[in-house]
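Shown next as structure tokens: one chain only, the form predicted on its own.
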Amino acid sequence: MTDTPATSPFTRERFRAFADTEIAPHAAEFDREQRIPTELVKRLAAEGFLGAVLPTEAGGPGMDMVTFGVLHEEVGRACSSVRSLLTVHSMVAFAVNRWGTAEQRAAWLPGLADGTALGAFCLTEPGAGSDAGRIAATAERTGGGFVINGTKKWITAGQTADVYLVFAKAPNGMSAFLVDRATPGLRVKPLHDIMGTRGSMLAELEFRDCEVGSRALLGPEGMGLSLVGTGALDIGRYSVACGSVGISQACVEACAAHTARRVAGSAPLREHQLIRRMLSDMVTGLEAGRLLCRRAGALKDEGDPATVMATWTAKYFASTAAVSAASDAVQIHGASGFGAGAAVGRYYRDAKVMEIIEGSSQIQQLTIAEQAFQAAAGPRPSRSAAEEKVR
């Protein structure tokens, strides 16, 4: 099995070379300083990685989704904070390209493709996470558009984004809006000292009588979650799944190197059977997660709706596997893995949030189980067939 399709001009080797040169050597610094330098964002854009999800006619490289997944795995292997930025930016670019009017596409896609405009996805609130139905932000109609009020929290790239994809309750239901950073009534408050992905520049956004024109509405009013949000979250979930595989790969590499150097008793750690058991579990989880991600990506490229559940499954498995791998990686490194600045300690902190974002593991367990029940029950009878049965 090849990593990327033969037709793709991008390869894993290219992604890894970029990540090993431009990202991994500085990942500890990004984590410590809780920011990603603008210069790196520009280099990501120059490589076509920021606009990866966009087709060539929209200014992107036209990257297929299997290759997109490999990119996010390799960036995630180097630094989850940088991968997080790619995730939310890709979600916004995807949504604008899929649901935007000609005017919205012309206004935002060139910048989202070349990195002169960064996007942030604004769904979560202090009282609403995986249960998006509890969103309290409102968008009341005015003569020329809407007035948005509410608070969004834990917004990745919120500190630096130029355009925010905001979800709020409008008169006809939950709707999506593209809000320019410079819009009066929008206040950005940086959030610091979070547990993991500390360089992802989270922010809290306050909307106070924030007026936007009717042209800010993305997609049909009242269809913000069912259309705009669902598609964007599928992209985000896929990115998080692939990034989790990247964390597992980083754990395997760190532990293989450490156990070859470190001696316990009269032999290197790698010769101890219980260490080998932990490495074996890591490698198995890594390879299984990678295969699940590849299947989800291939289904996306084929336009198969089964990709939605395949992505749920990949994200659930890969994120839990990454947490397990990172926990064992810290255990194998002992006190040195628990100290300040330890790479495996960062992997552990970064892995934990993967079980929370883009749908918690518990939500995914419910969803995957429900899908199994429905599959076991077989296809639902058509209305006419059901009526015939009653007769």
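Since this is a predicted model, take the numbers as computed values, not measurements. Numbers for residues come from their place in the sequence shown, where the first is 1.
Quick note: we don't show the form predicted together with a small molecule, though the next part is all about it.
- Contact with the small molecule, judged by heavy atoms within 4.5 Å in the predicted complex, is confined among 319-327, 32-40, 54-62, 354-362 to 354-362.
- The small molecule in the predicted complex is not approached by A264, whose heavy atoms all lie more than 4.5 angstroms from it.
- Contact check for T124: a non-hydrogen atom falls within 4.5 Å of the small molecule in the predicted complex.
- Shown alone here, S81 lies farther than 4.5 Å from the small molecule in the predicted complex, counting heavy atoms only.
- At a distance threshold of 4.5 angstroms between non-hydrogen atoms, S130 is in contact with the small molecule in the predicted complex.
- When the small molecule is considered in the predicted complex, only one residue from V88, V179, L118, A137 comes within 4.5 Å through any heavy atom, namely V88.
- Residue-level contacts in the predicted complex: of I194, A260, A306, L291, one residue has a heavy atom within 4.5 Å of the small molecule, and it is I194.
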